[in-house]
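First comes one chain, alone, set out as structure tokens in the form predicted on its own.
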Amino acid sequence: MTLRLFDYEELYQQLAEQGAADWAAQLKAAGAAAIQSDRHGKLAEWTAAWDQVVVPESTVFEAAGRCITATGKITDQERWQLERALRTLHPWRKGPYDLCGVQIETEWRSDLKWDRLADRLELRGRRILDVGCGNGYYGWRMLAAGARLVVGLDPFLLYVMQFEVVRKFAAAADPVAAQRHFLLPLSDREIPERLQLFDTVFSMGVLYHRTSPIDHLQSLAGSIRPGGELVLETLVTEDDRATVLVPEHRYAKMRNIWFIPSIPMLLCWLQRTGFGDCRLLDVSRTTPNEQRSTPWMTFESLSDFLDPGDPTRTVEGYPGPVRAIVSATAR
């Protein structure tokens, strides 16, 4: 299989066959515009890195364990060239990956989050939308769990490029699998009202970045077929009341944190936006074991965001990050 960069034609065909031809055309136009308007000015550099990744013919691709792995016979020189290309795509935030011996220790131990929910979900044969998916780590885990199709949306082109590199290895190992997982450089704002296409929709770590969480939940509700499932992970406040934390300026040094609900408030939002059978799957405090700086993500991370005298508080004095995972059924 010859793989082309940003090749979504197979996805558009599948969507058309599923009665979503209009959405496929919308995605095609929006995706082309997103790729042409590279906001970082590094698209040529990233494309060159993608071109430099040579995948061995005998590649074996595995996504069922902690680490997304690709194994194959390469020389030490080829491994050095591969690592140089992969480091061009810094920072790597979701993972980990091991690509032919190049071990990418990402900022997030995403496998820990996946382990909290994987046994609670049935993904076999399901069409899945993964909103704000980063570089597609969870999508590979979904495919390994039996998903029929995974469509990821993330507006950050760097993460899309990271996905495209990993997809090279997946395509060499199993061309069919590479045609079941796609990541477009777009956001959930491209989802039309009442699309009602997907069996399961994931929103992991997106809600608190939205200036309108209600609009986000309504968009997700419209994308799911009646009776389908939403899996949502978000920051929450530990309060038995229906309350919302609205940071005055920053939260954990981040400017783009707008609303952090308590669990009762989150469940209320879900019920008001068209969901039922809401279930709390997990509540966990984020620790530096799960989110940290690494040689593959050298910027500040969680330890820098917490009060050094009280790691249960952020540097601004807010409660430290606690995350909840909930599932709900679209009515």
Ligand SMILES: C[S@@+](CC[C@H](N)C(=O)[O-])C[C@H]1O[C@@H](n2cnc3c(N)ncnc32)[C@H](O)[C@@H]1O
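The first residue of the sequence shown is number 1, and the count goes up from there. Since we're looking at a predicted model, the values are computed, not measured.
Missing here is the form predicted together with this ligand; even so, the following discussion is about that form.
key: Heavy atom of each of 133, 189 and 204 within 4.5 Å of this ligand in the predicted bound form   = The answer is yes: all three residues contact the partner (heavy atom, 4.5 Å cut-off).
Residue 153: heavy atom within 4.5 Å of this ligand in the predicted bound form? Result yes; residue 153 sits at the interface with this ligand in the predicted bound form.
Is residue 159 near this ligand? Define near as a heavy atom within 4.5 Å, in the predicted bound form. Residue 159: yes, in contact with this ligand in the predicted bound form.
Checklist line | 4.5 Å heavy atom contact, residue 113 and this ligand in the predicted bound form | finding: Yes - in the predicted bound form, heavy atoms of residue 113 and this ligand come within 4.5 Å of each other.
message = I'd like to know if residue 138 sits close to this ligand in the predicted bound form, meaning any non-hydrogen atom pair within 4.5 angstroms.
response = It does: once this ligand is placed as it appears in the predicted bound form, residue 138 has a heavy atom within 4.5 Å of it.
Notebook entry, point to check: Looking at 148, 209, 225, 90, which is the one with a non-hydrogen atom within 4.5 Å of this ligand in the predicted bound form?
Noted result: None of the other options qualify; the answer is 209.
Query raised in the report: Of the listed stretches (236-244, 69-77, 118-126, 180-188), which one has a non-hydrogen atom within 4.5 Å of this ligand in the predicted bound form?
Result: Contact criterion met by 180-188 only.
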